[in-house]
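The chain that follows stands alone, in the form predicted alone, written as structure tokens.
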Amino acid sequence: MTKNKKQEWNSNLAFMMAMIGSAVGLGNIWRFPNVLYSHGGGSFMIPYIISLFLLGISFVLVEYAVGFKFKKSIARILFSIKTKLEPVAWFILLIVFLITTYYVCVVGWDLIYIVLSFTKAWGSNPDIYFANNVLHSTDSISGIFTIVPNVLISIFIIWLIAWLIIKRDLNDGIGRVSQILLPLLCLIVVGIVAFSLTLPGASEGYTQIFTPDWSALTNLDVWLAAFGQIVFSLSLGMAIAMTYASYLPEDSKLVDNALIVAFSNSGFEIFNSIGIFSILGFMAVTSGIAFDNLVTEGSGLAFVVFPQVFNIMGPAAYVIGPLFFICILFAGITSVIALLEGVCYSISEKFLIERKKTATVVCIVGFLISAIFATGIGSTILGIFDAYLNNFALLFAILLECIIFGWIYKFDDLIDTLNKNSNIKVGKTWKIVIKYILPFCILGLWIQGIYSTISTADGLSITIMAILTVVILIVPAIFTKLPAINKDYYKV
């Protein structure tokens, strides 16, 4: 990406597939079912839908409008709004990059399980196998000096795949891959859900989605959980939508596109949950294990509970198992390349480094950081990274974006930008949401995140979080101070 070549999507379909692919990730597959079940079941859908319309779509529209209007990277956008805001952009990008480094590791674990699933190599105790044979996990700090070869190799492969995609031109790389992987992902999910509904006990599972606990609606934590799911599911505040929207042609219908992306993402995770719950219902009925003990979040669901399910599923597991883990792989790859694009774009635009070189350097640095998670204590460090970056740093970044675009920038210009070509219009209600309601909700979620992170922190967690705090303060300052090679960068 250079000064003389501004990239642009070759079709609205390419943009839509890339945006939906960026939103559909691990959070849809293994985070949403747990959040849904533990916060009221069917009644959770009420705060979820309200959060989607009132907050999720509203913030996506901000990112679309800003990216489309400026046609620049987030670093240059914030510099253009107010020169002193550039460090905020690099702060956001660094958080996104650090999240990517451990996200790649989780996708790498999944790559290992694709291979294992063909023979059910995890044996009769998938939990012990995951901890001892895959992660070689230890609580000792000395585990940092123990490399786990299979995890390191899988991490390398995922970074290599990401590099092969993002080093190419926009449409040949991200655009083409998204248009291939996303439809395949959807077809596989449809197949898995259809099969899951035929399993004995499926109704014991999927009825959980439609069985409401109305008392949950009076619980503030449920509403914060709904909003939190929307934040993480739509990748709000990660500069993805802003970056992708900057590549759109002038006649794009921004509001229409935003609604399609948001509804597609939510539709995917709700539909996928029907399959997840049906399979867990089968497990509960067949094994006699209480349903409560099966519904969990994250790696526990994917790499422990589901292998247990596949162990009792019979011959069908040799097909459903690989397909399940391939789903996670496809969702993970489309999210990884989206997370990296904003980082690469900002670096390329400021320092006039061509796309391939930028992608190469970013992926090499990313792999070196990810290698930390391929050690004996890597999974523990990964958990600390995840808690700190998501619960504290990312939410703070979103709060800053709300303040910048809602209060510092001329907000009415964004309304005009959104409404110019769109069939669906936005007005002053949207402005009220961004200026007042959204910051208040983000603040509540942020305070809750800080409390949960600090209250559960031990000595190792505090040390790593202190190091991360220093890094996310110093590195953005360095990137801000480095002089731009692109002399147009400073033109406001």
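The first residue of the sequence shown is number 1, and the count goes up from there. Keep in mind that what you see is a predicted model, and the values were worked out from it rather than measured.
There is another form of the same protein, the form predicted in complex with ligand PFF; it is not shown, and what comes next is about it.
Where does ligand PFF sit in the predicted bound form: which of 363-371, 102-110, 190-198, 68-76, heavy atoms within 4.5 Å? Stretch 102-110 is the one.
Give a yes or no on whether each residue among 89, 343 and 351 has a heavy atom within 4.5 Å of ligand PFF in the predicted bound form. Heavy-atom distance to ligand PFF in the predicted bound form: none of the three under 4.5 Å.
Taking heavy atoms only, is residue 27 within 4.5 angstroms of ligand PFF in the predicted bound form? Yes.
Evaluate residue 232 for contact with ligand PFF in the predicted bound form, applying a 4.5 angstroms cut-off between non-hydrogen atoms, and reply yes or no. So residue 232 counts as contacting ligand PFF.
Please determine whether residue 23 contacts ligand PFF in the predicted bound form, using a 4.5 Å cut-off between heavy atoms. Yes, residue 23 lies within 4.5 Å of ligand PFF in the predicted bound form.
Ligand PFF contact in the predicted bound form: residue 390, any heavy atom under 4.5 Å: Yes.
Please tell me which of 418, 238, 283, 155 lies within 4.5 Å of ligand PFF in the predicted bound form, judged by heavy atoms. Only one option qualifies, and that one is 238.
Identify, from the list 226, 162, 302, 339, the residue with a heavy atom within 4.5 Å of ligand PFF in the predicted bound form. Answer to the contact question: 339.
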